[in-house]
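Just one chain is shown here, as structure tokens, and it is the form predicted on its own.
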Amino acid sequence: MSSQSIKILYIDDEENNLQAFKAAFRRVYEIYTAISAADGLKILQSVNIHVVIADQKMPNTTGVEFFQSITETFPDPIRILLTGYTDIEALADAINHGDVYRYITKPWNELELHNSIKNAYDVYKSRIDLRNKITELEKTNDELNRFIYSISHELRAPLVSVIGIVNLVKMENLYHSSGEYWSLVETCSNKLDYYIQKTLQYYKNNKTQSEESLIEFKPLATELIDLYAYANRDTQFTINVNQTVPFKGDLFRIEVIMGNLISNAIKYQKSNEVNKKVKIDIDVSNEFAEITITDNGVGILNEHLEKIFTQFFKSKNHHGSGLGLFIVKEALNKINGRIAVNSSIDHGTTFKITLPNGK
């Protein structure tokens, strides 16, 4: 952009100053002048101003007050304050509040003011460019997320068919008829299905608006256990629910949180454990629901406890995707929930979730 197309608004209650400014810079910039803050506001409403210069001493409002009044409605124009030495206290307050980019003492030096305007416009342009880049990146990210969601969703249909065929083979007692091939097909299909489900959960958690509804934790916990334990009936579940008051919360995200933790409690049992156990305790009050899920599985190393909620983090003794607990943490952030974990190797893990009651 040439200097001529840089739009400057200068506000001053002294006509002589306005004329002097216009005479000095009209050949360099596109100049707009206003005799009062009210007139300046009208210009801002009709012209895309890049730099606003205002005198501090004006009868109805000060330059600092004017800048503060336009911060929300016109955040983009860069602000330069013209002031005398006696206004230093008001100037410091304006700079501390971020309303002034630079101040220049009166009477101004033409070269100093010219350089300040050029620097101010560079800041203006950088801010606009950055905002456009952010908007572009957000759009690209949104398109990528929708693409991943669409692909994942479409992949599930043929995958469910494959899993269905494996189940038919089992029903017809042909599962072991071809050595380990059917077992390999089932293992790979289940792993792929797991990754797809986690991808869909991640997408929905990021995109779905929070919707609160009344939740009964006893049937919810039972349904989630039936859903995630259907392929592993060796684990014994104990459910203790103390809910004497209504609880209102985001059912989708609470299902995601509890489902992932129940799934992990099953998945990370010790292979040689005869008595596999998972205990779920839920206590609901008017303020919170506290959900504790304890297993007697392989446990988590102490040095890994701070990292388990990181995306794609995998512990040596865990064979998951590194997505489940990350999604749990993301879902909790969406509903202002908290999570704590306690674990001991070969003795098991306890997750404690605290959810605010929105009733």
Partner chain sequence: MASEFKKVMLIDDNEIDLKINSKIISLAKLFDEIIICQSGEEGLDYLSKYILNPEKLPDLLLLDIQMPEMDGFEFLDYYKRLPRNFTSRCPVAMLSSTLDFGDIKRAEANAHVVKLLRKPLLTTELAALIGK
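Numbering follows the first chain given and starts at 1. Please read all numbers here as calculations on a predicted model, not as lab measurements.
What comes next is about the form predicted together with the partner chain, which is not displayed.
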Quiz item: Though only this chain appears here, would Ser161 touch the partner chain in the predicted bound form if you measure heavy atom gaps against 4.5 Å?
Solution: yes
Practice problem: Please check if Ile165 has a heavy atom lying within 4.5 Å of any heavy atom of the partner chain in the predicted bound form. | Solution: yes
Quiz item: Within a 4.5 Å heavy atom cut-off, is Tyr124 in contact with the partner chain in the predicted bound form?
Solution: no
Quiz item: in the predicted bound form, does Phe252 have a heavy atom within 4.5 Å of the partner chain?
Solution: yes
Quiz item: Glu72, Ile134 and Asp142: each with a heavy atom within 4.5 Å of the partner chain in the predicted bound form?
Solution: no
Self-check item: Among 192 to 200, 177 to 185, 275 to 283, 108 to 116, the region lying within 4.5 Å of the partner chain in the predicted bound form by heavy atom distance
Solution: 192 to 200
Quiz item: Since exactly one of Glu287, Glu216, Glu211, Asp129 fits, which has a heavy atom within 4.5 Å of the partner chain in the predicted bound form?
Solution: Glu211
Practice problem: Select from the listed residues Lys204, Lys248, Lys270, Arg146 the one whose heavy atoms reach within 4.5 Å of the partner chain in the predicted bound form. | Solution: Lys204
Exercise. Select from 137 to 155 the residues with a non-hydrogen atom within 4.5 Å of the partner chain in the predicted bound form and write them out in sequence order.
Key: Tyr149, Ser152, His153, Glu154
Practice problem: Based on a C-alpha change of 3 angstroms or more, tell me if Glu211 and Ile148 lie closer or farther in the predicted bound form than in the shown form. | Solution: closer
